[in-house]
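Just one chain follows, in the form predicted on its own, and it is written as structure tokens.
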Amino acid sequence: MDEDEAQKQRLKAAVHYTVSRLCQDIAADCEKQITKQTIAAIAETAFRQCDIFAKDLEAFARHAKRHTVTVDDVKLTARRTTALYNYIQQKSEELALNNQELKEKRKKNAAKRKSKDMEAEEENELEG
């Protein structure tokens, strides 16, 4: 088995494990049973859907003549699933807001450092 196939198998196992845990939690909450075959089918469907999403993301970025996938590519991929699109849109807005806040903090800190540096230079000039 080559390295790519081994990595794919590890990824599949991780998806199966995660789906299994989610199904167990949901089954416990609903006081129901979910068969191993059902869990395997859900995991396989999720894995295949992720593969489709990955290929779509790559195609959208390539179509835009970019090598990097952007948030807009992700939104475009999710456009047919309203709930997923709305969730991605909300998270995108939260990230943009957080990034804006970080930029403003950095500007303030940079201005403070510049101000302190200028004060230090003035003191050195007065002493010198």
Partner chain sequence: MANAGNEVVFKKETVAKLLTRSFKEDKTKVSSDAVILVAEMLKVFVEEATRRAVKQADSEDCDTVDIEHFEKILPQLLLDF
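Residue numbers count along the first chain shown, from 1. In this text, all values refer to a predicted model and were calculated from it rather than measured experimentally.
One more form of this protein should be noted, the form predicted in complex with the partner chain, which is absent from this view; the next part is about it.
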**Message:** Taking the partner chain as it sits in the predicted complex, is Ala14 near enough to touch it, meaning that at least one heavy atom pair lies within 4.5 angstroms?
**Reply:** yes
**Asked** Though only this chain appears here, would Asn86 touch the partner chain in the predicted complex if you measure heavy atom gaps against 4.5 Å?
**Response** no
**Message:** Does any part of Asp25 reach within 4.5 Å of the partner chain in the predicted complex? Heavy atoms only, please.
**Reply:** yes
**Request:** Examine Ala64 and determine whether its closest non-hydrogen atom to the partner chain in the predicted complex is within 4.5 angstroms.
**Result:** no
**Request:** Using the arrangement in the predicted complex, list in sequence order the residues of 28 to 59 with any heavy atom within 4.5 angstroms of the partner chain.
**Result:** Asp29, Cys30, Lys32, Gln33, Ile34, Thr35, Gln37, Thr38, Ala41, Ile42, Thr45, Ala46, Phe47, Gln49, Cys50, Asp51, Phe53, Ala54, Lys55, Leu57, Glu58
